[in-house]
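Listed next as structure tokens is one chain, alone, in the form predicted alone.
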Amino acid sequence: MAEVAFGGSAEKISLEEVGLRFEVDGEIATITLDRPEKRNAQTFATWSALAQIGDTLPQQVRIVVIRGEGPSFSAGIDLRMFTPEGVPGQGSFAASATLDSSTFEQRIAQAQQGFLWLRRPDIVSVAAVQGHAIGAGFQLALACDLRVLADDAKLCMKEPALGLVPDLTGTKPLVDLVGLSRAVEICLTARTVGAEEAARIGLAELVVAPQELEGAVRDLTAALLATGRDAATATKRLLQGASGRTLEEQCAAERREQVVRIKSLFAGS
């Protein structure tokens, strides 16, 4: 059984205890948030476990699907983290607040690693979202390349309403997808974005009925796997870098990638 250390501790607990399932079927890995009784709320251990899955992802995996067990994708941060007692064995925000700033930032950086790896160019990550995706749940969906929503999905960036900021890598993809003005409005009102609006403003690639969510994700992953791995990786790498380059720089990047692709396909044939 896979184990993970969290919060800089040497203590290790199983993925099952964290509330995650990790399954690999050929080139597809599925991560399931599996605390349905808590609406798949997340803790420090959740984020450490996600990071470790990324660090140890089998080399053959090309697609990573993230889903939630039960009626919700993820209701966000486990609210016990706001209490003095915190989450048993994991501490609380009150305890974290006693850390020096450098140590505290490092702990946040470790949590962010659980989300950052989902953007790797050699994989495509897909969030299958039903029900609530609040705060950390919304940010986990935003960390993925693609989002397929059930029509009952409800997205909300709750952190500002709790006196916090979104710090699990969600602010940049949100701005990239919907623009600065809409991102400000969504975050500072902490309002709910329904599935239909999410599709309209660019937060979802596809919206389906809840009973069709699994099949829609299966169809999407099959279509993604129809493109060869090397070409898919090079293309995703190009697309990810495009927003930070001028047209001339992007053209140069295209040339470099294409030279590699054509040489690998035809040199010596």
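Here the structure is a predicted model, which is why all the values come from computation and not from measurement. Numbering starts at 1 and follows the sequence shown.
Same protein, other form: the form predicted together with a small molecule, not shown, and the subject of what follows.
Checked against the small molecule in the predicted bound form, the candidates Ala111, Ala198, Ala183, Ile77 yield a single residue with a heavy atom inside 4.5 Å, and that residue is Ile77. With the partner omitted here, the residue from Arg218, Arg229, Lys38, Lys236 that has a non-hydrogen atom within 4.5 angstroms of the small molecule in the predicted bound form is Lys38. Of the candidate stretches 145-153, 112-120, 183-191, 126-134, only 126-134 has residues with heavy atoms within 4.5 Å of the small molecule in the predicted bound form. When the small molecule is considered in the predicted bound form, Lys158 lines it closely, a heavy atom lying within 4.5 Å. Contact annotation: Val178 falls outside 4.5 Å of the small molecule in the predicted bound form, judged by heavy atom distances. Heavy atoms of Leu162 reach within 4.5 Å of the small molecule in the predicted bound form, making it an interface residue.
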